[in-house]
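Have a look below at one chain only, the form predicted alone, in structure tokens format.
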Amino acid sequence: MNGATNHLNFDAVVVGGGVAGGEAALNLASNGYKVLLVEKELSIGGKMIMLSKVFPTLDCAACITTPKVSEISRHPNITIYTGSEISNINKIAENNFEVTVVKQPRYVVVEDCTACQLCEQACPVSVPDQYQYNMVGRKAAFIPFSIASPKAAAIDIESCVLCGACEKVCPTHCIDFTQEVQTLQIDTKTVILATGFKLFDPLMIPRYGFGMYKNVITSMQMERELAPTRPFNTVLRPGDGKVPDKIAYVLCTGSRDATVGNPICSQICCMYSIKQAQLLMGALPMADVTIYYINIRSFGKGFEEFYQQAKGMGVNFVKGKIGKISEQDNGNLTLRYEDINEGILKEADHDMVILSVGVLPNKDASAFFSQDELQLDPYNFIYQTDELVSPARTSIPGVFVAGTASGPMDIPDSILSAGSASSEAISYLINGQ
């Protein structure tokens, strides 16, 4: 059963609460516009808030993101809907959009929750923790992660057994199982799409053994192992909990590969792999780290120096494409690859393999529009109609794109893109007046 409310009015709706969406919302709000920020996850901050450090400066990602997220959360001109998705955007006229938002129940009154975690301790149900990329478990009553915003509990109703244990221990009685799905009608003058990207699923490359071999993990799982809010006290391989000695990175997993439908470079994989390799050298000084690559594309400011720094630290770089990964009886892994420089097939043993997964388009935004067509580019990212002069413009006037919704880019470029989108939106609003 759906609960419905009257129409709500905002100057702008920003879809996506990651680094680009948050920056765009903050820019608009700081210029006096009323903004609705819609985020499908239970916390704003996107993928950046889950990272360890950023390249090439090795600044703490959470230290950068958390103050920004706090500023967004406290801004009087920004209203945030988490756990919410767009079901439809209808352009009525210029400066007049009708947006339908479906808000899922959290089963917790956020304003009353003190994040004491007593409900989490009392809950008897354990399920894989999607915020730790399924490496550990969480309870059905849980706080998404320690620096989430809002920092409030949520009930995973699909896993909940309705035992009532969480309700009994909650000191503020903020758990409410009567909450329903809300369908909200929003009137707005402009829309910014900051729907971000999806990560390549390495199950699509069976020869790498992801999902079959426990010690083959993704780069995002390793990111969580290196982050301050990590699931373990140190870097461990999932198969047996041992500290790895020989670690391999397989670059271009799902990038520059037409056979899996993604022929373009994801732009960030080389550098985040090199970043992780440097962090691993610090965390595990005795470990050997090898990066298997096609080409190192260190194109940004300070990137080449960062690459050379990793070489100087002892990271091994092998130019070769991995053909197959197989598992040994002890859980170690054998990588079969072509050494491009020598032109021969080789094999190497490692006890842990990280697949550097690429960036895929998030095609959700194209389904938002029932009457107007949101044009996509040949790679299914949102099409920029004037990429050089007005990169935020889309095929629908009044709808702008920010961040990786328009293509792969790193964090600084996403923030610049958000600035462009918010500036274009403000110009559109002023012209409409």
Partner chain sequence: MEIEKGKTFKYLKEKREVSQQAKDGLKEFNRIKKAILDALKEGELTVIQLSEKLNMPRPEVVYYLMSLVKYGFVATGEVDDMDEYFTYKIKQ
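These figures come from a predicted structure and were not determined experimentally. Residue numbers count along the first chain shown, from 1.
Beyond what is shown, the protein has a form predicted in complex with the partner chain; the following relates to that form.
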Non-hydrogen atom within 4.5 angstroms of the partner chain in the model of the complex for each of 106, 203 and 209: no
Partner-facing stretch of 191 to 199, 86 to 94, 167 to 175, 358 to 366, counted where any non-hydrogen atom is within 4.5 angstroms of the partner chain in the model of the complex: 167 to 175
Residue (of 220, 260, 118, 125) lying close to the partner chain in the model of the complex, criterion heavy atoms within 4.5 Å: 125
Candidate from 326, 159, 316, 185 lying within 4.5 Å of the partner chain in the model of the complex - any heavy atom: 159
4.5 Å heavy atom contact, residue 134 to the partner chain in the model of the complex: yes
Residue 76: touches the partner chain in the model of the complex, heavy atom cutoff 4.5 angstroms: no
Exercise: residue 349 in contact with the partner chain in the model of the complex, heavy atom 4.5 Å: no
Proximity of residue 312 to the partner chain in the model of the complex, heavy atoms at 4.5 Å: no
